[in-house]
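Read the single chain below, which is given as structure tokens and is the form predicted alone.
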Amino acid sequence: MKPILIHGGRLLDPAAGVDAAKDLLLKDGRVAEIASPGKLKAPADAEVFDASGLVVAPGLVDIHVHLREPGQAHKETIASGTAAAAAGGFTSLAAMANTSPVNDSPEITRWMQAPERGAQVRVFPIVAATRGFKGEVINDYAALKAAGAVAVSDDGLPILKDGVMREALAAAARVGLAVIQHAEDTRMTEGCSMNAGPVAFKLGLRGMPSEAESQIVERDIRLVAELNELRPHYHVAHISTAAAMAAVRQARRNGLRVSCEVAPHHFLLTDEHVAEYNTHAKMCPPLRSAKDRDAMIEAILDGVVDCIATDHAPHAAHEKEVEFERAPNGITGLETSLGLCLEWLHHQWKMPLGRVIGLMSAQPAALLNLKGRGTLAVGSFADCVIFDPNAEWVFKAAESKSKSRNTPFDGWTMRGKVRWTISEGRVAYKN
């Protein structure tokens, strides 16, 4: 691994409070030195990157992705998913456990991290909260953490039983892991394929009521309050409704350790995008009303939302090219997240660039306690993304590095072109 000298760029590191012209030296997989422009000497064997006019930021961190391995390699592999991540500026991915078999064991957790998987960036497994995703018996969180797990979640399914959720929150708190909840009362959504409302009525589809999300979040927050002596960390995955966001907002005011993430599709799209039964606009939670979408935007801008996460969920073409109700839920998102966030959060809605990058690096890293990630402070991992914040580009799904093309953002114009992604001192992507 050669040293890398990055010079001429704007170093933007929200975790370290740095936004200035700086040069960086990366060596042995770590950030070795940071200095004013022109002050660093490149080692004789170093690669030298000219970042003039570009932003040098911590590698992005996505705490909600589906890499599909083991068991569903026709949709995605760890190698292809992490290649897509590198193209999008991500250097750390937290992978959900709804694989086949379900990742509920130390053996699968270690398998996902093995060098033989060919990961281009670092993968951090999130393990099943309950055995086999059945929502009945919690797993051995201590053993799973020792194998490399960074959180527990039955994502794709909720933990419905009060007693099981209480036990999961308590057990996870004792070993220092977050419980990530897929907030959906499936007793209210059976047979439903999109958001309940006028669009579903027009299309003749059964709709998921927003209460199916908010009531689970409200229930969980009550349990967190009852267990507050243990300080459990409860995180709401892909939050999508105004009522659920209001519950999170109030929980934070009450001093509870409650966090949440929003996906780009939930702050940019509404159920109107289902249009003529577009299966690339089918996901769970579904695209919601304009009122819910606007509540997500407001919560991001005023700081209630802790991070942006993609919920990258690849599916093969033949799986999506069926009747809307039969199509699986989910879209890809790793290659579009930065471009969408820069175009809309920064350029359109004027969120400072440092705050946008913080939502995609330092803050998600902190949520899962990924030490040395999400920052470019000296001694941290040499994870960085170098991008042109003003470059306009068009996303073409056919050119994606993912094995799947199920995205509603094909043909969208975005802002912020990734030039290099460096993972632990190794160039994982260059353009």
Partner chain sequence: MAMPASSTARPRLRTPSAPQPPFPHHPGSAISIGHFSLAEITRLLRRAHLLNNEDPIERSKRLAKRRVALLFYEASTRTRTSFELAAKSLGMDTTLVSNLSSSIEKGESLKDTGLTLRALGAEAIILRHNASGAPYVLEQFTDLPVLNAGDGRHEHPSQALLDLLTMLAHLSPAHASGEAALTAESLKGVTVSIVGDILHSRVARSNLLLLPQLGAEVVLSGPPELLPEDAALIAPNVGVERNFELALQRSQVVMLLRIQSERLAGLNVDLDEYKTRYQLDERRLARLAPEAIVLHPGPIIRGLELTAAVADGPQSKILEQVHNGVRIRMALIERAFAALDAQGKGANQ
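If you're wondering where the values come from, they're calculated on a predicted model, not measured in any experiment. Numbering follows the first chain given and starts at 1.
As for the form predicted together with the partner chain, it is not shown, yet the points below apply to it.
Colleague: Should V137 be classed as touching the partner chain in the predicted complex when contacts are defined as heavy atoms within 4.5 Å?
Modeller: Contact check for V137: no, nothing within 4.5 Å of the partner chain in the predicted complex.
Colleague: So, in the predicted complex, is W111 in contact with the partner chain at a 4.5 angstroms heavy atom limit?
Modeller: Close contact is absent here: in the predicted complex, W111 is far from the partner chain, nothing within 4.5 Å, heavy atoms only.
Colleague: Examine D306 and determine whether its closest non-hydrogen atom to the partner chain in the predicted complex is within 4.5 angstroms.
Modeller: Because a heavy atom of D306 falls inside 4.5 Å of the partner chain in the predicted complex, the answer is yes.
Colleague: Is A316 a contact residue for the partner chain in the predicted complex, using a 4.5 Å heavy atom cut-off?
Modeller: No, A316 stays farther than 4.5 Å from the partner chain in the predicted complex.
Colleague: Which among 271 to 279, 80 to 88, 101 to 109, 176 to 184 is in contact with the partner chain in the predicted complex, heavy atoms within 4.5 angstroms?
Modeller: That would be 271 to 279.
Colleague: Scan P352, G163, G118, P198 and let me know which has any heavy atom within 4.5 Å of the partner chain in the predicted complex.
Modeller: Comparing distances to the partner chain in the predicted complex, the residue within 4.5 Å is P198.
Colleague: Have a look at L157, A225, A146, L203 for me and say which one sits with a heavy atom within 4.5 Å of the partner chain in the predicted complex.
Modeller: Selected residue: L203.
Colleague: Looking in the predicted complex, is the partner chain within 4.5 Å of a heavy atom from each of V378, D410 and E424?
Modeller: No, the whole trio is out of contact, none within 4.5 Å by any heavy atom.
Colleague: So which residues in 323 to 353, when you check the partner chain in the predicted complex, have a heavy atom no farther than 4.5 Å from it?
Modeller: Stretch hits, in order: E323, E325, R326, W344, Q348, W349.
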